[in-house]
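Form predicted alone, single chain, as structure tokens, below.
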């Protein structure tokens, strides 16, 4: 019998195969003269039988595993094929391994046209040229640039047209092979809705700003005594109206900033400037707010003369926002600590408060629109939920980074990193 057919041998067949041998052994054992030989033959037969059964079981086990794997692959592929979102799977060289029907509809390709090709064919420049470098860098360093997070990028259809997508990439290992799975969603309609919303907000904000400015000015004059001395109750009402007009103007200004940033129309005037005077100016501008909350803003360390290439007004806006937030969320009679130091070729500004910290569920979206760290506190002190989102956009325009970390013990550290201008180029 051929060795390739061992797995076809059933237990009855194995018994029949060895039955003649067992009968011969029985006949031989009757003579009495060959008892030892008979026993040895029986034992040998049993060993061979056991080995055959073990081989049969191993072949059967492998068949079951292969059948299960095949069924699992079919189920996985069926799930991928029925997903509404596009799914593209590539290997660590960028070669497309899987391309589901939703991806076919999104890009205009049939699966067999792209499987085996490089994922770059679906990307416009500069990502088309840089993608292999991304993968190579990840293989060599393990640095995760897009893995595990959502990002918005442009993709390219078969006809060459570009469209925005939301992309989420995860990595996995299958049969020892490193693969990357991308979940893609066309966000063209979402972008249109966002643009209409931003245009509406911008229009309303422009229309509101002029009358609000006039109202605030008039209330300020009345509060300052231009209409004569006011009764105590009237003065309190004027003060309340003035404070709320200030809050409304702050909201309108933030909305206008968001609209300008989103449309790319916000003006920046970059120049070489020193950092410490801007930090001191931000502290002075927030002195009244710090006094209101019984908080002191203190510079605990700085490296001396630090020069930046930045927009003075916009950088002051970011520092002022971070300081005002720190004052609002700090307990009374505490200190907001400002730590300035050089960090890996850049300058880093840490602003630490000793407040309750940021709730876990808010952390992933803290720098998005209308997110507030603590609703109750923010309502009392006045906040639009746009400051951090605006600050992030401004810092990124400076080529910098903004973020936060929980502070040891209590509170939060917001940090700002910017590129320092070296001494040789200060006078260029």
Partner chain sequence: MSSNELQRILFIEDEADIQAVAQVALEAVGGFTVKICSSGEEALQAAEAFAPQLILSDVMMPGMDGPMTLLALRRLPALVDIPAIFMTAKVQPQEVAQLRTAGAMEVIAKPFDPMTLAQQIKDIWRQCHA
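Since we're looking at a predicted model, the values are computed, not measured. For the two forms, the rigid core is made up of the largest set of C-alpha atoms that agree within 1.5 Å on superposition. Numbering follows the first chain given and starts at 1.
Although it is not shown, the form predicted together with the partner chain is what the next lines describe.
- No residue of the trio 306, 332 and 334 has any heavy atom within 4.5 Å of the partner chain in the predicted complex.
- Contact annotation: residue 311 falls within 4.5 Å of the partner chain in the predicted complex, judged by heavy atom distances.
- Contact annotation for residue 221: at least one heavy atom lies within 4.5 Å of the partner chain in the predicted complex.
- Proximity of residue 269 to the partner chain in the predicted complex: non-hydrogen atoms within 4.5 Å are present.
- Contact between residue 226 and the partner chain in the predicted complex is found at the 4.5 Å heavy atom cutoff.
- Figure note: of the listed segments 178-186, 208-216, 112-120, 337-345, the one touching the partner chain in the predicted complex, with heavy atoms no more than 4.5 Å away, is 208-216.
- Only one of 241, 249, 300, 79 lies close to the partner chain in the predicted complex, with a heavy atom inside 4.5 Å, and it is 249.
- Residue 222: CA moves 2 Å or more between this form and the one not shown after rigid-core fitting.
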